[in-house]
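Single chain ahead, written as structure tokens, the form predicted on its own.
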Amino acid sequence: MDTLLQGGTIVTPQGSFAGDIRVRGERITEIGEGLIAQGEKVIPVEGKLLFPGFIDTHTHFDLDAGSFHTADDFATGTRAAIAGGTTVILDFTTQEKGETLMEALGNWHRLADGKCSCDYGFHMSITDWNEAVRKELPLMTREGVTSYKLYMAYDNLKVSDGEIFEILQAVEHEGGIIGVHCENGELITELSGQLLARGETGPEAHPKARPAEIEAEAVYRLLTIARMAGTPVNIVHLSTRRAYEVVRAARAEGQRVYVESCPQYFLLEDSKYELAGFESAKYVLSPPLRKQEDVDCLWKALAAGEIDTIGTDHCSFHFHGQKERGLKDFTKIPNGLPGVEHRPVLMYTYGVGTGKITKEQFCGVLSENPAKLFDMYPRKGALMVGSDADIVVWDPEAKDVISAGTQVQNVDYTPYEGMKIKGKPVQVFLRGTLVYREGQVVVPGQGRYVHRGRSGL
């Protein structure tokens, strides 16, 4: 049934204004103030903010961690996304050693097909670079995958500096963009071994094995390679002041660098690694949580428009039975935090609500920027005539407390337990269908694959 959202405040990165939105089928067909109902269902939204559906640029659902998988698969993870107002997720397809890119993509399509409650796309993680893989890049473009990921850490995933150089150039030729996990993997291995040899086996050792210098060095090295390759690059989950300063210096010299960060690096800091018992394992992720000076730096960078997107790096593992695998060795604690459900309410409450950023900036980094960078705009990430009717009806006065007991995410804890929030979605539309209302995902399983083209803001 066609719908008229009447009396809300429409938020865009360029400004906010009072207006109504008419939806016919899956698309927005009219925007204006004082629209007259034409037989469609009228939904009054006075006092509410209307945002384009949010986009999470960084999730890991149904990830194979060896002898077990992440707590959230595509069914539970995308339901949680919708509950938070996220209508598109971009997950990471990972090529195994010896596997073709098409085989890897097929594996992820099988994991996601028919299970998703929000729309979804894939980045392709390249771990085994060779001439045959190079020849597959046009096939990826044909399949709608034009964003890639490379790792500078993890022995089973990382590629060499020379391979990074080659891949950057090859993907640029296809009009794609590469995101890079920037940590010096060899130094992490060496530091971890030294810590274990000294008897430092608990989760408090995790940040010691991955200090800020580890990230900053890798970012500097990556940007050197990208400058020589003559290509833009996207740095994922940036976490430190040191790395940010490297980015600023490169941008000042005219280099095109995109930056993603995540809520955990704005809201949590490394005192979480000082908790009693094994509780700190809940906060083991890579890069790790940082110091307050890093938190402060990221907020200033976000306010200055120097962080382009906010993803989550949602990679959920149960505390009991999964995180506990590292009770005697911190290097065996599965790395990752849940967050896909709570990203919007956290960034709104502690960003917009405290005056650190505006609601328009919030809209930019959660909706418009990722849609543009990953070639979904203006179909996604916009409230415009002709756009998909992905609409979040947001109550700026709603209050709640985050709790594992009430979350949709299929994981036995949340790193944000007990945090108060103000402002949350009360209705979410996915391509014109009301899929979430007042705390309930009312129409699950409506997600579709998003075929994307050439990337770039």
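The first residue of the shown sequence is 1; numbering continues from there. Since the structure is predicted, the reported quantities are computational estimates derived from the model, not experimental observations.
What comes next is about the form predicted in complex with dihydropyrimidine-2,4(1H,3H)-dione, which does not appear here.
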Legend entry - Contact test in the predicted complex: Y154 vs dihydropyrimidine-2,4(1H,3H)-dione, heavy atoms, 4.5 Å: yes
Inset, instruction - Verify the contact flag for K424: yes if a non-hydrogen atom of it lies within 4.5 Å of a non-hydrogen atom of dihydropyrimidine-2,4(1H,3H)-dione in the predicted complex, no if not. - result: no
Legend entry - dihydropyrimidine-2,4(1H,3H)-dione contact in the predicted complex: H60, any heavy atom under 4.5 Å: yes
Legend entry - is_contact(G336, dihydropyrimidine-2,4(1H,3H)-dione) in the predicted complex, heavy atom dist at most 4.5 Å: yes
Inset, instruction - Given that the partner is absent here, state which listed stretch (281-289, 134-142, 362-370, 94-102) has heavy atoms within 4.5 Å of dihydropyrimidine-2,4(1H,3H)-dione in the predicted complex. - result: 281-289
Legend entry - Residue (of H181, R242, K272, K158) lying close to dihydropyrimidine-2,4(1H,3H)-dione in the predicted complex, criterion heavy atoms within 4.5 Å: H181
Inset, instruction - Counting non-hydrogen atoms within 4.5 angstroms of dihydropyrimidine-2,4(1H,3H)-dione in the predicted complex, say which of E341, D119, D72, D313 makes the cut. - result: D313
